[in-house]
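Only one chain is given next, in structure tokens, and it is the form predicted on its own.
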């Protein structure tokens, strides 16, 4: 059995106005990967290819050991997919949907489904058309989670939710990972949600994977240095620094491979390091995207 829940190698897909370009993506079993990108970056295209809904023009895709799209029928028995635009039958109750899914999947866990009803504040006898947006999202997630899939693929699941609903969903996803054999791919443009629950982070922009690594490694490697630069001193280009923005005697250096000696290197030029700041995942994402675009356009 492969130790990867999903494995994409050199995957490309070309449309008239958009190209997914040689995407490499690996998710180890038992991990949560946050796929972060702006709207139109390629998150949904990547997920549709993983699900066999769209066929790649080039490259190899394996999900839970199955080649996609050729073996998608076998793979999908163990994949739970939910997205912000999923539609349930308005005239039917949530209970009807639960019974329908249970009739198809032998892995349905009725006790867990009842627990999720309580946690999400849902009622099985309520019709879908009477539910709020947040309740619909939680209903769709209940139908996916109660199947106990080995891989959860969630496309922007928290978009448009109020803070309480978002917290409930993120809490449940965290508890799902108590089973070390289950994996989650969670796409979002909300870096706060991704930072809260993910083990791995992947940044995608304009159809290209621009970075992918362990979340803690990201947060450890990136720093912002605030500098005071005397007149007549030019700051050198230092290894690990991807950008320096200077206004008068004040400068901000952004490092994607910070080491303590970096501060000493700036001090040796005559500059004074006022402070060294940690960066949020959102700040890291923006800096990473800007740097990547500058490299492409250079």
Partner chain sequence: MNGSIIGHLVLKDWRLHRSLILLTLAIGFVALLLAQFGGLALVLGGVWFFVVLCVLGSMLPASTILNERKKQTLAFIMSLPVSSVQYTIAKMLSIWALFLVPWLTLLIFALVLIANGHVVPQGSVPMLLMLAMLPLIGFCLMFSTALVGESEGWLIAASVLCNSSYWLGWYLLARVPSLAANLKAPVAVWNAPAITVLCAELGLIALITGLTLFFQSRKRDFT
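Owing to the predicted nature of the structure, the values given are computational and were not obtained by experimental measurement. Residue numbers count along the first chain shown, from 1.
Unshown form predicted together with its partner chain; subsequent notes refer to it.
Undergrad: Does residue 62 reach its partner chain in the predicted complex if we count a contact as any heavy atom within 4.5 Å?
TA: Residue-level check for residue 62: no, no contact with its partner chain.
Undergrad: Give a yes/no on whether residue 55 approaches its partner chain to within 4.5 Å in the predicted complex, heavy atoms considered.
TA: Yes, residue 55 sits close enough to its partner chain in the predicted complex that at least one of its heavy atoms falls within 4.5 Å.
Undergrad: Residue 120: heavy atom within 4.5 Å of its partner chain in the predicted complex?
TA: No, residue 120 sits far enough from its partner chain in the predicted complex that none of its heavy atoms falls within 4.5 Å.
Undergrad: If you check in the predicted complex, is residue 141 within 4.5 Å of its partner chain, heavy atoms only?
TA: It does not: once its partner chain is placed as it appears in the predicted complex, residue 141 has no heavy atom within 4.5 Å of it.
Undergrad: Identify, from the list 182, 76, 206, 166, the residue with a heavy atom within 4.5 Å of its partner chain in the predicted complex.
TA: Of 182, 76, 206, 166, the residue with a heavy atom within 4.5 Å of its partner chain in the predicted complex is 76.
Undergrad: Of the residues 176, 86, 197, 124, which one places a heavy atom within 4.5 Å of its partner chain in the predicted complex?
TA: Contact residue from the list: 86.
Undergrad: Based on heavy atom distances of 4.5 Å or less, which listed stretch (187-195, 219-227, 156-164, 105-113) is in contact with its partner chain in the predicted complex?
TA: Result of the contact check: 105-113.
Undergrad: If you look in the predicted complex, which residues in 91-105 sit within 4.5 Å of its partner chain (heavy atoms)?
TA: Result: 91, 92, 96, 97, 100, 101, 102, 103, 104, 105.
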